[in-house]
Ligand code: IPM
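Just the one chain here, the form predicted alone, laid out as structure tokens.
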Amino acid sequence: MGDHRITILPGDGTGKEVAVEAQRILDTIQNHTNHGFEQTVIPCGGEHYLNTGEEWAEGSFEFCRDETDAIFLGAIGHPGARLPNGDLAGGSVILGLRSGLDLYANVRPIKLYEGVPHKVHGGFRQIWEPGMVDMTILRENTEGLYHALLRRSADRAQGRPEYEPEAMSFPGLDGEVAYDPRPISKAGSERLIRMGFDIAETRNGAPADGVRRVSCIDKSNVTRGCQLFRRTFDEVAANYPGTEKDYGYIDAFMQWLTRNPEHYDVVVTSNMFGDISTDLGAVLQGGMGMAASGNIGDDHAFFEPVHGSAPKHAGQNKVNPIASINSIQMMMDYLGRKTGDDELVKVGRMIDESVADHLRSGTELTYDLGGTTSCSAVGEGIAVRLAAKLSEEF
């Protein structure tokens, strides 16, 4: 019996390949420390749906809810795999977990490591020093423009009748109209923003000046939901006098993010704005293959690379596993802070250091970073570095 119960959801396409590398890191930790992991693998996703008629086995949601300390998800999405209602097959896995487990914060670290070229200009060209890109963006994860889809997916995951918003009329619009409501609540905004300020207290401030700063990114000059979000931000910020408040509209933020990334420490924003801006942020750190994430609530969490299933690369052992490995780093930090286990927090830091050492060497990079090394070889190389660090420490 392991010390922590970890559920692995490999999913589709390249998700299955990077899940193997995530498990390699868990095994390395278990083999070189006193921390054990009871790993349960649950097949799921669009391909699984095409083969079995179900997105994942009955009872899987309840297992993740009741029998799991943390979840790792590889990726969801398989060509042609759609449900009868048109939703993505496998959506009740990723979206059902986000909504059904109330994982209200999508946490996206954006960090440029030494030795990694970013792609702002479409090629491998270095503009910023690595230390100039080091921020965390928190995207609200259960409300906003995706609310109806999230609720529908959660209902499907738990075997309930699927939610649909009530019909609305739109004066001045003729013919067929499709719409998605964008509800933003004070309570939902407050808990996300509070987490953002709490995370800021664990960091070293913005790269430009070392100032602890939380930036509120919205469109409060136009939309009522964003006006509520910003008003709530100010109320929460009053409880953190040692942290600087900062503001920006999403359209301006998209240029500042690439022009002056060193200004940003922690960013809080709404669901859709966070979805878009974090993908741009991934460009600053070398691409989606470097982008880890955590979906975190008060009682549950799952962690995933955000590059998707990348069907055209599936089965070729070529994709970058570092987003997957850094998602495990986030998982260790989460479990350590949740249980008060400083050793696990330290293990998380050692994973980050092992990734940094590997990238700094510049000898084994996957295709997206300009190299030719395989996914598994990169995973093995980082695991070897981690094993050495853990052996010295523990």
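What you are looking at is a predicted structure, and each value in this text was computed from that prediction instead of being measured. Note that residue numbering follows the sequence shown and begins at 1.
Here the subject shifts to the form predicted in complex with the ligand, a form of this protein not shown in this document.
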Exercise. Since the chain is shown here on its own, which stretch among 216-224, 87-95, 233-241, 249-257 would lie within 4.5 Å of the ligand in the model of the complex, judged by heavy atoms?
Worked result: 87-95
Exercise. Hey, with the ligand in the model of the complex, do Glu54, Phe61 and Arg156 all fall inside the 4.5 Å heavy atom range?
Worked result: no
Seminar exercise, completed: From Arg152, Lys111, Arg139, His78: within 4.5 Å of the ligand in the model of the complex by heavy atoms is Arg139
Exercise. Does Glu143 reach the ligand in the model of the complex if we count a contact as any heavy atom within 4.5 Å?
Worked result: no
Exercise. Does the 4.5 Å heavy atom contact test between Asp275 and the ligand in the model of the complex come out positive?
Worked result: yes
